[in-house]
Structure formats: structure tokens, C-alpha cells
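First, one chain by itself: the form predicted on its own, in C-alpha cells.
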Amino acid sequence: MTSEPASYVGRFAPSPTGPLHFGSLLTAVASFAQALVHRGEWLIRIEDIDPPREQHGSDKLILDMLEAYGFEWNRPVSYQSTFAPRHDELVACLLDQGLAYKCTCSRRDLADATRGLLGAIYPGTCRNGCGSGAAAVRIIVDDRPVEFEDALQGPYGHQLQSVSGDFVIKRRDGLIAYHLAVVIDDFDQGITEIVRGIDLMDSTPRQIYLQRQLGFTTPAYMHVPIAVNGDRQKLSKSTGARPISAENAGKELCMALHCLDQNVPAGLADEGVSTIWQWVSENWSARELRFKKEIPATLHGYG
């Protein structure tokens, strides 16, 4: 007798570019909390598809820290790079169906392109054929609105032709683009809700468009506020965010919950992380974050 698949499947998908910092912890907490209150599954996927940006051994640092903070995942940890054959297969399908095309344009070629909300708007130079040499692959878009209802931020959408033009799904160096990889992997892993930082919200219409072109279902989306430093920059390795520590994990975990506007009871930080997560499973309320976009981490000793 086989068990029924979980009706809720969430995930946390860090890139192995360095150890976890407080901003990453906030997203992981929100994602795991959603899975707990829905009595669903929660997966870890290491998004290791951009080797030039990766830091050797950081995947282990990330997993060790998640374990120290009491996170529990329901399936073996997956690595995005192992799905490369599947990614390449679907790129070939999109090319065969005339939904995508090869492009040899360089950044220099696009230096004078019109700028839109998402950067340079690709003018369609290679839609009807391209030159020789290393080629990227672009998906063909149109100007029909691609819209969705975010669980926290409300309605959002783009007209892709106007904000980006045909965008890259496979890079000239042969690496798969993030937008396509994440769409394929989320579908194949049965993800039902994507909880991530609001800094990735602009990516969502492009990903929904890819889902539609591939015939995939669209999951629910929840874009949580990001932690920012005193200059209102997103906490990241590049802005000097310090790694979180396994010491005082309960205190750090409760601080993250407090930053996520949860009514954490006094004394909970002194309990073990399993007790804290039990409280979360009974009390987490995402609606407290409705329309919130930033968390000033410096007010809490970070940044």
C-alpha cells in the first residue's frame, strides 16, 4: 500500500555561495513554518548551477547550520546540478517547438538597448537567425500580462515584452539559467508553494510564463520581506552580512521569528529548538507580514 503524496510541499533552495546569514535564516524560517502549519513536506535543494559564484564546502556549512537550528527535511537533500540532463532535455524541446531560439548577441551588442524594469530589453535581434559562435538560448515572449496573486504582497504582474523582451534560459557558457532550472525542479519535486524573499518577486512572472510554455502547473507564491542593513541594502555576503552561529541557536531562532512579526512568548528562547518549532507549528501566522517588504536587521544587531 503506497502513501498519498503530501498535499503541501515547500522547499528552501540556497545557493552554495557562502554560509547562512540572518537574511537567509528569515526565509528558511518562513518556509519551514508554512510547511509545519500545513502539516506538509519541506525539502532542501542546493542550487549549485553557477560554479563561478560558488564557495567550496559552503553546502555542508549550510546544511550543518540548518540542522543545528532544528530544521527537518522530509526527503534527501537534492543538488540542482544533478538535474542538468532534464534541464537540457526541456531546452531542446522548447527549441524544437519554436518557442525558443539561439542567440549570439553579446553584452556589447546590447549596450544601447532600451532599459526596462528588469534591465536591458532584448530587441529580438536573433529571432530570425543568428551568427556563428557561442550561443545562448532565449525564450520567445509576448506582451500579454503575466499576473499572479502573492499570498503576502497581493496582485503582481508584468508584460514581459515591455520589461525584458525574450530572456535567456541557457547561457552562452552552457550553464542553465536560474529561471528555467527553478521552474523545472519545482515542478518535478511537486512543490505546491514557493516561499522566498521579495527581492525575487520580479522573477516570478517570467517563471510563470515558462511554466505555461512547458505545460506545468503553477504553485502558490509567498514573497516575504527581506532583511536590510542600515543603508537599506539586502543582507548578503556582498554587503558584509555576518554568518549566523550555532551558539545560542534558540535565541537566534526566536529573534528571526520576532523579526517576522510573530508574537514570541517570553522565555521561549531559553527552550530547545525542538520546543520552539513546536510552538511555531501551533502559532505561526504569515498574515502578520502582509504587505511588509523590509526588515531593518540593524535594529536587531545584524547588518
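Predicted model, so just to flag it, every value in this text is computed and none were measured. Start at 1 with the first residue shown and count on from there.
Note that the form predicted in complex with glutamic acid (GLU) isn't included here; everything after this is about it.
Remark: of stretches 212-220, 177-185, 142-150, 70-78, the one touching glutamic acid (GLU) in the model of the complex is 177-185 (heavy atom within 4.5 Å).
Among 54, 261, 41, 47, the residue placing a heavy atom within 4.5 Å of glutamic acid (GLU) in the model of the complex is 47.
In summary, among the residues 113, 105, 137, 200, the only one with a non-hydrogen atom within 4.5 Å of glutamic acid (GLU) in the model of the complex is 200.
Though the partner is left out of this view, residue 13 does reach within 4.5 Å of glutamic acid (GLU) in the model of the complex, counting heavy atoms only. None of the heavy atoms of residue 171 is located within 4.5 Å of glutamic acid (GLU) in the model of the complex. Along 53-85, no residue reaches a heavy atom to within 4.5 Å of glutamic acid (GLU) in the model of the complex.
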